[in-house]
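What follows are structure tokens for two forms of the same protein chain, given separately as structure 1 and structure 2.
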Structure 1
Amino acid sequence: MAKIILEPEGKRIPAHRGQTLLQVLRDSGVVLESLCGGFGACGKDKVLIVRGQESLNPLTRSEEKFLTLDEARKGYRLACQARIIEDGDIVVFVPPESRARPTQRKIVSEGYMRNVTLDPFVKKIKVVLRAPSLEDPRSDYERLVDTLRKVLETDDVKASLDVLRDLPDKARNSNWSLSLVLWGNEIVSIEETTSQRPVYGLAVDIGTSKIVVHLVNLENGKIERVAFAENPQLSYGEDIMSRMSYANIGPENLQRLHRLLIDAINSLIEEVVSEAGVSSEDIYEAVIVGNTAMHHFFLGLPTRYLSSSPFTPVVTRSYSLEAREAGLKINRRGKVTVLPVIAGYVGADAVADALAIGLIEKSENILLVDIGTNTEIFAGNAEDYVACSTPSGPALEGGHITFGMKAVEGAIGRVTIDESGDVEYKTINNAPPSGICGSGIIDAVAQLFLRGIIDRRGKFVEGSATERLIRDEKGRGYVIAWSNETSIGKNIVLWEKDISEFLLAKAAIYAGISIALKRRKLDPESLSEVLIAGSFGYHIDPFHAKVVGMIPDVELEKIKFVGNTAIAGADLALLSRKAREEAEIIAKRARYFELSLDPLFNKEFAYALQLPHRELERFPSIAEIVARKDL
């Protein structure tokens, strides 16, 4: 029996020979930064062996690579590489930088959002005007505009007729001290006295399957309430193509799909305002994002030409209209702004992603990948970037996978397989598993490959000695969770054909990335960041994403999972005038290209169907592990 004594806590943990320090520590609840999942490929899980070095195996090749000579002399090891070979007490110090940051691998509900100066497009401001006199005969409105000029730096101020009709009495009743709600340079409301009520905005992400709404306090930038609902159009087809086909039959059908969205958003508005205890009259703007089809349905624009080649949208630039005209139940003088789209398959959601991650401020080259049924890709820097969309299919959202499911409660979102072929998994909300979602599938495929259970073509290797490898009429499969652990009463299995389905998805993504980088004349090494957005249960494990060859082989530190940035982009457009302008620039400046027209696409796609890729040299860090493991 060996024992690990953890410093500085003094905690004692029993351990067995054969275990790695990473396993022992993880079992006892000490979570280390192990970006590569324990494959000696990230060098993040450094620990200091204060005493008991003699109970551990000698340094491995990985450790020789990641530890400096000084660290080795002091007694540092990589926890995943240090294996107990003798009983005895081992005193281990875990440096703070090796402990997992709390935000890592948590369940993702919000997207990453860069910091911006709070300068919302909708503002409530207080003005005090000089009363008119024969010597100062300016009209009420000019009086107001003259005061606003200082704030807005323009006298091109607009106001609705309602506002003009209200102005004279309100100004005099309040003794010329007014509260105004401004939407950009337009006065949308006048109140007699400074109301204590803040103004709110609404960020809306219309996803193909889910609508998410944020109630945003525009005075402090806080997201006060979040609500979401299933997209009610689901009954007209899971995918956008079948919904567009339905809409194309006739204007009543289009109108019906349009109405469903509006009604659903209005219900969500009711929900957030009643929960937050505010009035829908206090919401002065809704910013809408969504893919191009949802964008068209929201505005009631025909999808006939969007749904077939050359997939032409009606309008791409951002568009603002009266809330009344849009049908949204916010303040009757409020506005609705739909962020711009880039092309038929690169929508306002993708623009919002790029906005949230600050593409327009990136001087170094980055790669942004928003994974979904269609995966949108941006590659480049603020000055010059390309954008495209790749048809990755539904596998990463659980579609076409036997036990696949969306990232909801009970979905297996994290999978590790140990050397013995045994599985550990985590589910969303720790509920008993009912299926597996995107991040879980990536983990599983990567781990099966790393453990030598599947080969580079995703086929099970004959003679893999694990009871979890099963076979029936569906072919061969690997049991991730036994029936008695699940909520569905049967084994949750990843079948070979599920793996094939996944390979199609990841190959489409990789091919898209590869061609985008080529078009932009970038090597993967020149990227400063690889940002992955999407609605997964957990953050995608960046090492696993590389192992399966879904993203290029860049240093793990460069890979960041940014979550659902679409709604974050909508939040930004509410909170920052500058961000709103940037959204327009992002859409305008993008060099969009039609991926399917690229002569390289078919070859890139076919080569990417292997794990990690037919040209192993494209993935040197994975190639090294493969070579070591002799996979």
Structure 2
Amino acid sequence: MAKIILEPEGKRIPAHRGQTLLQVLRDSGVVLESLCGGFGACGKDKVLIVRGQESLNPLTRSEEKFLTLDEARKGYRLACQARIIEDGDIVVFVPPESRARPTQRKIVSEGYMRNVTLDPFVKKIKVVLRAPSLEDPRSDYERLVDTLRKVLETDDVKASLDVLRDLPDKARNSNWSLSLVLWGNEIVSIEETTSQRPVYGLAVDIGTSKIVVHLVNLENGKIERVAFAENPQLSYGEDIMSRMSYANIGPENLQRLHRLLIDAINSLIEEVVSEAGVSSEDIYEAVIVGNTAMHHFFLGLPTRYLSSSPFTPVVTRSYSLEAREAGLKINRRGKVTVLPVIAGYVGADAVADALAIGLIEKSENILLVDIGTNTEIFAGNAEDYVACSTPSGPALEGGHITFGMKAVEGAIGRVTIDESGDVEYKTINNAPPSGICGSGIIDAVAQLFLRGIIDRRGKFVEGSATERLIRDEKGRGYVIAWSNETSIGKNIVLWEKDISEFLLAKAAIYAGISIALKRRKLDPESLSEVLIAGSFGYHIDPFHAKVVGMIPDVELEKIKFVGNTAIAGADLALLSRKAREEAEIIAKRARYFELSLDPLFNKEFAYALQLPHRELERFPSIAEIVARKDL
């Protein structure tokens, strides 16, 4: 048996031949940055082998790609590629930048939500039944149903066997005066009328990188508590394709990803009910939204056919099940409803976005963009709208960027470069910088371009007179923060290859937007609003987003950041029957198209790789700056 000695902790971990260092460390609770899920595609999980190199396999092609010659000579390996082949002690040092950051993450846990009339699917009503007699020998249930017909104005009243078992004693103990908790026309619980506790609902947004939960009072519509956490699936891959690849290996892997979600949501439920001082037994419904992969992982559905062409989901319409079947720790007779998805890569979170902003009430044309590792796009108005998604990749979350990181404490989120090339930056929580997050990358690229330090291809201009422009075996880069300013003791550098990775992401987003507008026969000038949704979008500078060519060149006042509209849409579905019906309509009416099959995509993508675009006339306000500065 091999033994891993982990430094600087000195922790000793037993290991077996065939295991990778990433697997050993993950199983022992040491979480590394592994954005690709351990497939050797991100290069974030670097570790230093202090002793015991002979017990590991030789360097792989992935390591030759991501490790510099100097790092390889010093003994650095990628934890996901370093496989144990011999018994013995292996001393491993994990540098701070390779460890998953603590979750002091800057996220948006709420979003714009239009006003609706309070009419939740779950309601508590009081009824008084006539006691049975020899003259009126109707069964207890028929007596209850006859009373509800008048209240609900329907004959379609349902009740579970558990409810029927409760009915006789509770009716008589309360002298036939009852409080009923209804889910639509179904009786889910019977309480004696002395119970004055309100009923609650739960809105849950399962994002690729985070989970947000709202505890909602269904009697007054108030959001009582909010909680969030990192999605624990992150250690199996930053992007959904990595996770689906892992799930597709076998049913036990799918079940592991499913349980991680359920356990994480249950922990958040415990947090919100504890803070609110209520019982989880008073939560009678949870509404779940998420992209189509998260939707499938939550329900424990196979993703094998979702992850390959033609990307077919198991189910697209709304789906409801009992809480005990879902495994959520709310009232066991409560319901869990997953909102509809549109297609393999436009999920229930996108439907919730459109629901929150009132897409099917919009008379004027709008553009709605939810920016993330997978960016969802709607373009049009209530009468006609198209929907698509574009694989923007992990660069905006720090993936494939040398010093990239999420928006956690210490991340550089704002960058300004003056005429001399000097840099001012702001970090999250004003902590010493440890990397740069997506909003900081957009700022830095836009500022480097506006100062003439990089050209329209994202390449550094020869002869730029600034000491921050450096060169080594990685190529050319620009120092955003000097080593004596950082928490990691290294210069934080934006390398030319990092800029290229960013341009790939922004080109995918702009190409998706451009083709969606063309499909809908719209041009940017015809848009009344450009709505940017999601936690990432909430923090970007709109002018810089135009400078780099991520979003169309529209007036700044038309650009609105609407926050986490996915969770807001889930809130609406809890609070309004009409909104829930609208969610179904949004999914059914959407004219979805598969972006990768569009004949214009390759051209649009290639043209969008320049700053702001190869066809500069598409960005007239930026073209004016370019001409004036001779960029």
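Between two forms, the rigid core is the largest collection of C-alphas that superpose within 1.5 Å. Keep in mind it's a predicted model, so treat the numbers as computed, not measured. Quick note, the numbers are simply positions in structure 1, starting from 1.
The form predicted alone is represented by structure 2; structure 1 is the other form. When two forms of a protein are overlaid on their rigid core, residues whose CA moves 2 Å or more are considered shifted, and residue 252 is one of them between structures 1 and 2. Residue 551 shows a C-alpha shift below 2 Å between structures 1 and 2 [criterion: core-superposed Cα displacement of 2 Å].
The Cα position of residue 390 differs by less than 2 Å between structures 1 and 2 after fitting on the rigid core.
Superposing the rigid core and comparing between structures 1 and 2 gives a CA shift of 61.5 Å at residue 59. When the rigid core is fitted, residue 130 shows a C-alpha shift of 7.1 Å between structures 1 and 2.
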